[in-house]
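Next up: a single chain in structure tokens, the form predicted on its own.
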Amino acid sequence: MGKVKRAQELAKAQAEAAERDRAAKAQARPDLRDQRDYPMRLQKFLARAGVASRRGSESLISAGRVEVNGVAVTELGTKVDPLHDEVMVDGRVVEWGSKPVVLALNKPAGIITTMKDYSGRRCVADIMPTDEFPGLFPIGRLDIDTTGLLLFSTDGDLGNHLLHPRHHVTKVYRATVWGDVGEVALSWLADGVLIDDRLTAPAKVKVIKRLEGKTILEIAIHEGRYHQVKRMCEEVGHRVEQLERIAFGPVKLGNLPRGSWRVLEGRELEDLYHAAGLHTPDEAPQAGPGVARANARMREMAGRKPLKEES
């Protein structure tokens, strides 16, 4: 009986210690104190922690990039308790309430816009700091031979909003095309050309330089249709030789070296969030349970029809 009693006392002491630990963590992190929906689905935890959108988090889990308490998890129904379980993405611990990040890359040619390629081709994940910023995903796409500005983030809402047509976020490209582009072709590009039986939205087009047998154009669009800039130019009789994106909304490529990346901060980051119709992480109010559920619903709705952009 003595051994049984000691075992019961030990179990009680362990339970009390666990409860004290939970209370201490909740006290240190007030954003968790009033939550009542634990344990929660792993993809929901990742989305609320700012790692990726709900759908993006599901992709991370399915790809085997997420560990719970040191064990790789690929089952989407897995549940976690943020106060007890340690969640890692790409070997890095996910901290609840950590702010999302946005990075700008000057993408080289010959690299595909994906975080993993099962054919062994070189992809953007090979040159991005995924160890430092787990859960990064590209916002939109650039074709394999297109260079220039490509944004990455761990904020799924930002990515979805930036690519959604209703926000009219402008992307600016510098295109070197074959031939001498005349005024008629420039007018067609600006007013809209027919692609897949649908006119492109009005664009801003100007000649940057005329070379022997070529023309360098600057084209600003706010749509994200498949190979849009290349197909627009081909429709007016001028095939694209080189294409570079030099701006995405308020973010400019500037003098960022090819193959290098930088973290967006300050006014530039604020302007990008505002262009997407969102508050920055610093401006957004602290999310209680109701707000968190609303945000999760927004992520789910925004992620139902992923938008594709390849130029």
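For every residue, the number given is its place in the sequence shown, counted from 1. All of these numbers come straight from a predicted model, not from anything done at the bench.
There is also a form predicted together with uracil (URA); it is not shown, and the following applies to it.
Between 81-89, 68-76, 143-151, 174-182, the stretch whose residues reach within 4.5 angstroms of uracil (URA) in the predicted complex through a non-hydrogen atom is 143-151. At a distance threshold of 4.5 angstroms between non-hydrogen atoms, residue 243 is in contact with uracil (URA) in the predicted complex. Heavy atoms of residue 139 never reach within 4.5 Å of uracil (URA) in the predicted complex, leaving it off the interface.
Residue contact with uracil (URA) in the predicted complex: residue 229 places a heavy atom within 4.5 Å of it.
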